[in-house]
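One chain follows as structure tokens, the form predicted on its own.
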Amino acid sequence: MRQYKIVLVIADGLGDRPVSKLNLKTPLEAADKPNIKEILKSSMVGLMDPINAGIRPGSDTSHLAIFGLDPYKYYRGRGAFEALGAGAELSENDVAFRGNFATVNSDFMVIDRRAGRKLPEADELVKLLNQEINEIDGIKVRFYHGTEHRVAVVLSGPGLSDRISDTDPHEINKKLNMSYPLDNSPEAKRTAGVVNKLTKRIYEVLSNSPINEKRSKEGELPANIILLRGAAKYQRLPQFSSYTKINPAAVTATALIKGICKDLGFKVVTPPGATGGIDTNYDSKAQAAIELLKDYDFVFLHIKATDAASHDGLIEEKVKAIERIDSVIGKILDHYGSDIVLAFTGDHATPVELKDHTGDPVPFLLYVPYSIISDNVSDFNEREARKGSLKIIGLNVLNLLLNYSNREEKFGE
């Protein structure tokens, strides 16, 4: 049998609910999607629960499932993935955190969880922290800049645990949390103590920085603290090629997704202009995927813009992002339409009026370049997907892609 290459396009936070400003249409219903509509006649359509029915997934757990790994078995926390995506090289049992540069007052009350979000000095601040803070109580400390206000922090040394609480209160006008152990182990107690000392030292270094003095004079919020969350002890994931027998590549600008793909053994590409936000360069991402398909059998294309728009309540921006994703899919199909199996879906729902993840199922489309029994739907959206034949969970996705690309191995004789 002829084997086809595979393209998986995930629009982060794609799923939605009826939106009042769109006359109770969802953004997918409101968006103009000529390329997607064109391939419906050669596609199966349906709904996917990324984890399981009603489970409210994070982007990390949903991507693990979609890549064929049970998140209940393999997920240890987000911090290690963020650190890998930000450029860290991790050793087994390092403990990593995701964090935000943020603004606190002298009483450690959180004024802004993102230091105004606009932070062009982030690389300088990370460099300063790495110069000034090398270790706490014999534990090595490293800092890595992700994107915008995001930063990863890695602890290396003996006797560490990821069973500790966040310092991030997750709300403004609340005091910074002290980290505390989540079990009675001496490792958790020690790690929480290190994190609390580290947080105070970060505040000292950043508060006295000329960088923040300049920001304050220019009317910008000082980035004088890092809010830590998602502690994760690093344990390497199984390699994607070992359980699929195919060589994978990924196009993404989002640190979390870069980290997951890097750990799975993907070739990871962040093309020029790819930002992980609503201002990303869609054409650059499309071209990167087209180039990677020359050498790789599985190309994953991640686009964060739909989720970024949803979290900020930007209805029109979410619709525009979907329309630009449709053009990306069109460009890929123009080059490889008869040579690829292509899936398009979201990793979870982020309703734009709620501005947060929900446990709603998300629409799923599987395009196959040869004759199949397609689903009789008129569009690709949450409503029409309910009429389709596919009712799947995230762990089913890889099997479907391998089967219809003629790469799935027989189970039994």
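Since we're looking at a predicted model, the values are computed, not measured. Rigid core here is just the name for the largest C-alpha set that superposes within 1.5 Å across the two forms. Heads up: residue numbers just count along the shown sequence, starting at 1.
Not pictured, yet referred to below: the form predicted together with another copy of the chain.
Chemist: Another copy of the chain isn't shown here, but in the model of the complex which of 203, 336, 282, 75 has a heavy atom within 4.5 Å of it?
Modeler: Of 203, 336, 282, 75, the residue with a heavy atom within 4.5 Å of another copy of the chain in the model of the complex is 75.
Chemist: Name the residue from 359, 68, 46, 369 that puts a heavy atom within 4.5 Å of another copy of the chain in the model of the complex.
Modeler: Contact residue from the list: 359.
Chemist: Residues 5, 265 and 294 are flagged as a possible site; in the model of the complex, is every one of them within 4.5 Å of another copy of the chain by some non-hydrogen atom?
Modeler: Not one of the three qualifies.
Chemist: Can any non-hydrogen atom of residue 378 be found within 4.5 angstroms of another copy of the chain in the model of the complex?
Modeler: Answer no; every heavy atom of residue 378 is more than 4.5 Å from another copy of the chain in the model of the complex.
Chemist: So in the model of the complex, does any heavy atom of residue 34 sit within 4.5 Å of another copy of the chain?
Modeler: Output for residue 34 is no: heavy atoms all beyond 4.5 Å of another copy of the chain.
Chemist: At 4.5 Å between heavy atoms, is residue 28 in contact with another copy of the chain in the model of the complex?
Modeler: No - in the model of the complex, heavy atoms of residue 28 and another copy of the chain never come within 4.5 Å of each other.
Chemist: Please run the contact check for residue 98 against another copy of the chain in the model of the complex: heavy atoms, 4.5 angstroms, yes or no?
Modeler: Result yes; residue 98 sits at the interface with another copy of the chain in the model of the complex.
Chemist: For the stretch 45 to 78, I need every residue with any heavy atom inside 4.5 Å of another copy of the chain in the model of the complex, listed N to C.
Modeler: Residues within 4.5 Å: 51, 52, 53, 54, 55, 56, 57, 58, 59, 60, 61, 71, 72, 75, 78.
Chemist: Any CA movement of 2 Å or more for residue 311 between this form and the one not shown, core superposed?
Modeler: The answer is no, as the C-alpha of residue 311 shifts between this form and the one not shown by less than 2 Å after core alignment.
Chemist: With both forms fitted on the core, check whether the Cα of residue 168 differs by 2 Å or more between this form and the one not shown.
Modeler: After core superposition, the C-alpha of residue 168 moves 2 Å or more between this form and the one not shown.
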